[in-house]
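Given as structure tokens, the chain that follows is alone and in the form predicted on its own.
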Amino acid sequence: MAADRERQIARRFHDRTAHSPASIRMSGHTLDWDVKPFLFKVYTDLPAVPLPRAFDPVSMDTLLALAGDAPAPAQSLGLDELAALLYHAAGVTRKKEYPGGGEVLFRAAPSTGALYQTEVYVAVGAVDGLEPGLYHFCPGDFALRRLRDGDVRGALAAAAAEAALARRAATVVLTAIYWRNTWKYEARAYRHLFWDSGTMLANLTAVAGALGLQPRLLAGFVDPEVNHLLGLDADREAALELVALGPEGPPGAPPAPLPAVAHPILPLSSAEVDYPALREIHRASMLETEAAVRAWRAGGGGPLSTTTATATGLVGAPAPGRPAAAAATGLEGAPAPGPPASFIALPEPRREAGRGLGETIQHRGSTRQFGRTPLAAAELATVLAAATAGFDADFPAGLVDLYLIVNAAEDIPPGAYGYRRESGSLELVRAGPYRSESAYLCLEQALGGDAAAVIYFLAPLDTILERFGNRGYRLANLEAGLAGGRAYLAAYAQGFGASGLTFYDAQVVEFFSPHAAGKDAIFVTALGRAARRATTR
């Protein structure tokens, strides 16, 4: 019973932060521009270690990289490769200047509200040209700053209960600074922490794979130990995910107690607003010991087959009416929707787009206005295949199901559909034109109606929480963000655009029900060709 009560923390948080027409209209929240947080974390007492600006452009075709068609494993990890990885995951890719001195900096990965709360740290053990240590990456001056001297891989491996981390060349740690996002989105920003780190991970894992660095994503670790290692004030910033990189070599030093570090940083703003509900859900989803990490992986977090990619591939079709995620993970989702549905077989996904991954990331931006021109069926099929492709992780993929409203796609009648990843087909939920409904569901934003297609990520949240505990809430939002990020890349590689959107929670589920009964709305990504005069940011 205690465990059941604990799991309700995530359930209550999700429900209390749900958007509805009433909650949006009754919200008294306004943006205080005088305390808008600064967009970079700056350590004021640490010297910069400049990164090389001439590095691998990552020319592997974007679609090949997203499909995991990686080259032979790299024999080493050098500073040039690390610079390429950090630039394409979190770097400033370009800037736009305005009369009077104003400028907007464009980042490699999208972020809700362009607030960029995701921070990047690197535990370096065997990187050619860089001393072992723990570093923070600052996109503003494209430099590292060393927070700890010496090899900390052993301590990180113990905290993650993953011995291989002590032998991998480096591990990237993603964190989030709450206030950067809560300034605009209040407590609901907790969802955004994982959407945004997920979209960054889409870039990072694709680039790392293309460089032969064999990325492995870890969502399970002892939170207090990793936060201590990074020197974080966990009430304001916390670790979210780890990504192991590079070949294995001799292990780092055995873990030993590490002293606290508290390097001074530039204040984000003159004042901050605290959101206790966000801190409560994050604490409730923490793992406190190495034994707890191992138990979490063994009981729910571990892959269900020899590789996560195999689990994602969904060998064999699920039973009629059973959600795809349920078939992939064993999660029992919504009941059968009733009468047999119609299916539309999509074309084979394109294997190549003719645009390198680095070029795609360089030109990526969130489309701010869609034209109503259609997508080709093969273009849509390619995005959906990329969004649901497998990845190496310590948790199974397939927790999140993809539903769509198709407004304009060649050879696909307008309507609402569920995506069957195992067969690459669309299952008709309801037929008809739904542009106005899609705009309404997307918080009454025109983007949702003008887009050629809109992907709605839904998940059987209660079942996920039963199996993974409160940390399952992180997983659902993370996987949706990662899938959305991969959809971004696949769209821009093919020459059209994408934009992440927020939504009316209950209304999305109601629209796709009874097929989606028992699920919760997690994230939304709109796809389409930009209007002629549209701008991107």
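The structure presented is a predicted model; accordingly, all values stated were derived computationally and were not measured. Residue positions are given as counts along the sequence shown, with the first one as 1.
The form predicted in complex with a small molecule is left out here; the points below concern that form.
Residues within 4.5 angstroms of the small molecule in the model of the complex, judged by any non-hydrogen atom, belong to 444-452 and to none of the other stretches in 444-452, 246-254, 147-155, 279-287. In the model of the complex, at least one heavy atom of Tyr488 sits within 4.5 Å of the small molecule.
For Thr502, a non-hydrogen atom is located within 4.5 Å of the small molecule in the model of the complex, even though that partner is not displayed. Taking non-hydrogen atoms only, Arg364 approaches the small molecule to within 4.5 angstroms in the model of the complex. Although the partner is absent here, Arg94 lies within 4.5 Å of the small molecule in the model of the complex, judged by heavy atoms.
Against the small molecule in the model of the complex, the set Gln8, Trp296 and Arg467 makes no contact: no member has a heavy atom within 4.5 Å. Taking a 4.5 Å heavy atom cutoff to the small molecule in the model of the complex, the contact residue among Tyr87, Tyr417, Phe457, Trp195 is Trp195. A heavy atom within 4.5 Å of the small molecule in the model of the complex is found for exactly one of Ala114, Ala376, Val273, Ala234: Ala114.
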